[in-house]
Structures are given as structure tokens and as C-alpha cells.
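Quick setup: one chain, the form predicted alone, written in C-alpha cells, and binding and motion questions come after.
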Amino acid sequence: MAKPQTKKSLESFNQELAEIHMTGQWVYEDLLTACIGGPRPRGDAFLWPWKMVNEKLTEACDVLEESFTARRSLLFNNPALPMGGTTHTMLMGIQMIKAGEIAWAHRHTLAAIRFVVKGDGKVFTVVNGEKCPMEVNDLILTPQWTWHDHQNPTAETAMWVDVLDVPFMLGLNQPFYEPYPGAKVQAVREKRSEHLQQRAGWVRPAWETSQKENLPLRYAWQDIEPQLRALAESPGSPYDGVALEYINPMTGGPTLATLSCWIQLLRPGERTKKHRHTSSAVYFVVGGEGTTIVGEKSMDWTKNDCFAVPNWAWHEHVNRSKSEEALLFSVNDAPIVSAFGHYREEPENSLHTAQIPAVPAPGAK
């Protein structure tokens, strides 16, 4: 009489499937059940203090004596992301070029932004042949697959914040790279009439087609700051303060297809309400001092510090000063999440939801 066969355990059956490169769907159902209420934040809230970063940048000038073979950029690695990145979709860092240096021309499918920490306008970035002067707090775009190089003809070092969509693009396995052929710097458009930036304002050539994406753009602080001041008396967002989004002037959409840039003003003593959203963000402190509370973790920040807030993490901002404002520049990945219809917030959606000021009533003074 044949012996009855012993029933396999689920654990041993899962192991058998793994050995032939298969998985039972029930394994993923357990993973999905763990996501009731939303995803776990990917990465940690983390801060890189300016004092430490500045010291290491200064050391990097000695260790990496010239920038012709490698960018002198210190990148911020989130300690809870073993595959690298400042958040799971973005990579942030600060780049320095010494007096007289050139950061050679190349292009790649990675999109990038530059927010100037130190520059006098004589330092410049060239994007697809267009010179973009680099003054303090200017934002300069190097969209995907645009030629770009950085040049410092001055006697002082120059520095800026870099943010790129590296982890996202590597996750899609879409990295392409190309050095500029035959030269360290690219040819420059000498005539302003040939600049695409001249076609991105209030008036445009009626005889031409329009390029809407991947434009060489410089958002000069001298233009942005007055708008920020003009809106500082408005209620702003209860969750982000007076937060202005840099837009693509041709589409009215986000700065880049994968990255949205903001400048935020927190008034003296202001404390925002706590919220969370499915986008992650990285921050650079333009001025002031404050605290950002992420979950149970408090990050005290001051001028030029950088910090990261992971996706779906409860957070709030506090301006610790009772007399001085605080300014934060930030980059988020909301365009990526929104493109797939997955952007959401708790306790409510606050992005682009408030009504614009009403027309004054007739006879109102």
C-alpha cells in the first residue's frame, strides 16, 4: 500500500517557485495589504548643514585640482536609500568651480536645475548656445538632452545647488550621455535675436513655430523677488506659506517635465499646518532660520543648509524668528507623480485649489 504523500508547506512551495523564477501572487497581496493608508515614506528626512558642506567643498578644491575631467560637485545621499539619491527620485548636491575654470560641455537625458549660491553675473552657464548669467538666487535650467557648460572667468569661486532626476531616470533605465564634440565649451549664439529665451516672454514672433519644452531658461532673482514681495501679504498656503512655483512660460506647467521648483516665504513666527503628499522634496535655505518637523523628527535649519523630505511623510515648517522672514527654495517630483494621476495630499488637496482674488465689488473702496 502506497504511503500518503506529505503536503507541501506554503513556505517550501514559495521556495520552489523562486528557484524557477516565479512568484505566487499571494506574496504581492501581502505587500499591498501592508500599504493600507498609503505607502511608507521612501528614505529618511535628513539635513546637510552648510558649515560641513562648505568645508568639504573647500577640501575638494585641493583634492580635485581642476574640473576639466570631473564635476566638483558634492552629492547628498539619503542614508535610508541604499541605491543612492537624496530622495527616491531626485539627487541634490552643491557644485563649485574655481576662478578661471570651465566645467566642460556635455548633454544627457537627465534633467537638471541650478540655483546659484555664489556668483556675480560674470559667471555663466551656456545652455544650447545661450549664455545664462549666474547671480545669487538665480535659477537656471538645463533640461534633458540640452548641451550645457559652466564657465567662471572671475577671480572668485562660484557655487550653485544642483538637483537632477537621476534616480528616476536610472529606474527607467533611460540614461543617455554625450560629450560635446571636439571642444570643452560649446558655440555661443551671439545674436540675441537667435535666443529661444527671447521667445518665451509676453510677446513672440508671429512668423515662427514655438518650442514649448526643454528651453534654456534663466529665472533671475531680480525678477522673482519683487513678485514674491508683492504676494507676501496674501494668505498663502496654510501648509507651505507663500509658496510660488516657477513655471514653464510656454505651457504654464511645471518647471520641467520631472521637476517642479518653488520659492517659499515663511513670515516671522509662522508655523504651517501639518500635511503629507505623494511627492518628495529637497530644500535649500535661502535665508532665515527655522525648523521642519517630519514625523517625529525635527530638523533645525539656517542659511544655506539643505534637507530632504520623503514622500508621504507628515511634515510642517516653522520660522523660529519672531522678527525675520525665512526663505526656502525647493524642488519636488510632483510632475512625475501627477503625470500618472497619483498625486494626492492629506488632510486635503492644497495644490492649485484655492480661488484667485475676486473682482472688487462695484463701488468698493
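None of the values given here were measured: they were computed from a predicted structure. We number the residues from 1 along the sequence you see.
Omitted here: the form predicted in complex with 2,5-dihydroxybenzoic acid (GTQ). The next part is about that form.
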query: 2,5-dihydroxybenzoic acid (GTQ) contact in the predicted complex: residue 184, any heavy atom under 4.5 Å; finding: no
query: Residue contact check: residue 106 to 2,5-dihydroxybenzoic acid (GTQ) in the predicted complex, 4.5 Å heavy atom; finding: yes
query: Close approach of residue 95 to 2,5-dihydroxybenzoic acid (GTQ) in the predicted complex, 4.5 Å, heavy atom; finding: yes
query: Non-hydrogen atom contact residue 123 with 2,5-dihydroxybenzoic acid (GTQ) in the predicted complex at 4.5 angstroms; finding: no
query: Partner-contacting position among 71, 199, 189, 88 - heavy atom within 4.5 Å of 2,5-dihydroxybenzoic acid (GTQ) in the predicted complex; finding: 71
query: Listed residue (162, 270, 289, 135) with a non-hydrogen atom within 4.5 angstroms of 2,5-dihydroxybenzoic acid (GTQ) in the predicted complex; finding: 162
query: Contact stretch among 73-81, 206-214, 167-175, 234-242 - heavy atom within 4.5 Å of 2,5-dihydroxybenzoic acid (GTQ) in the predicted complex; finding: 73-81
query: Contact set, 143-162 vs 2,5-dihydroxybenzoic acid (GTQ) in the predicted complex - heavy atom within 4.5 angstroms; finding: 148, 150, 162
